[in-house]
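Presented as structure tokens, the chain that follows is alone, the form predicted on its own.
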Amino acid sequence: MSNTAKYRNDFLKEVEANVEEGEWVKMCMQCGVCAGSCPLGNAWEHTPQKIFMMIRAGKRDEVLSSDAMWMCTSCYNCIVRCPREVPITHIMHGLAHYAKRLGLVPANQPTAKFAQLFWNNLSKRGRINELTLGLGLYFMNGFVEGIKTSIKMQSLGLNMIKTGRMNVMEIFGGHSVKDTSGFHAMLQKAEEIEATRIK
């Protein structure tokens, strides 16, 4: 197979077809402004421009098994400063979502765990239950770790109760949107549409 044929069938085409704004990956000129603008730039396993280079080089396994795209905090500094206006934040989240759909999330990835906790909480009633979300976050790494974190954060919890940001009644369910059945039907339809996009 020629090098040209390999390039036509590489990981870049897969990203373009399955990742939000994936067609923009080829616009990256490797200037590194995104990494320099990122508040977590020194903590990335692979910076955004390196991820884009790896996609173009066909390094599928290395990209999709990396925790780099899970590091994005959605601050949008990279998009604002990118000289080519590449939607970097959208691509990073899109890569994380695609890796999740393929079952390739790195084990014990904390951002992925929190994202799933948040989604599970929100999708029940259409509104976040801050008490159960907070407890889920504290205990997501086990019971003992949860007790330690709860003790360490007790003053924050008490302040949230005092200011009305967290209501003890939320333990019984909390607030919900007016039409929960309509909300769940909407989510179901979105899942059906998403399923048709998976190639």
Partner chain sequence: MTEVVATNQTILVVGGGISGMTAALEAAECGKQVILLEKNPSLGGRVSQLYKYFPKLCMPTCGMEINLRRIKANPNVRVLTLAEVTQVSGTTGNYQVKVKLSPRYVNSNCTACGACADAVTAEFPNEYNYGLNNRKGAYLPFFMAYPQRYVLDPKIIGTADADKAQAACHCGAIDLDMQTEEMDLQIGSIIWATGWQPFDADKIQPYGHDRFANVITSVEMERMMDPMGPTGGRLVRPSDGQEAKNVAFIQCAGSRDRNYLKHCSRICCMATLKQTTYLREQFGDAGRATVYYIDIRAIDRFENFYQKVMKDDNIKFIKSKVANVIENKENNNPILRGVNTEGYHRYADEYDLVVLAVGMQPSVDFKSLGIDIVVNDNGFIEQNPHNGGMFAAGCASDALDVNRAVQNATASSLRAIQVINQVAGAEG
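Positions refer to the first chain, counted from 1. Only a predicted model underlies this, so the values are computations on that prediction, with no experimental measurement involved.
A second form of this protein, the form predicted in complex with the partner chain, is not displayed here; the remarks below concern that form.
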- Does the partner chain come within 4.5 Å of any heavy atom of L64 in the model of the complex? no
- Item | Contact flag, T132 vs the partner chain in the model of the complex, heavy atom cut 4.5 Å | no
- Indicate whether G41 is a 4.5 Å heavy atom neighbour of the partner chain in the model of the complex. yes
- Query: Does C82 reach the partner chain in the model of the complex if we count a contact as any heavy atom within 4.5 Å?
  - Reply: yes
- Non-hydrogen atom within 4.5 angstroms of the partner chain in the model of the complex for each of G32, G36 and Q49: yes
- Item | Candidate stretches 134-142, 66-74, 22-30, 156-164 - the one whose heavy atoms come within 4.5 Å of the partner chain in the model of the complex | 22-30
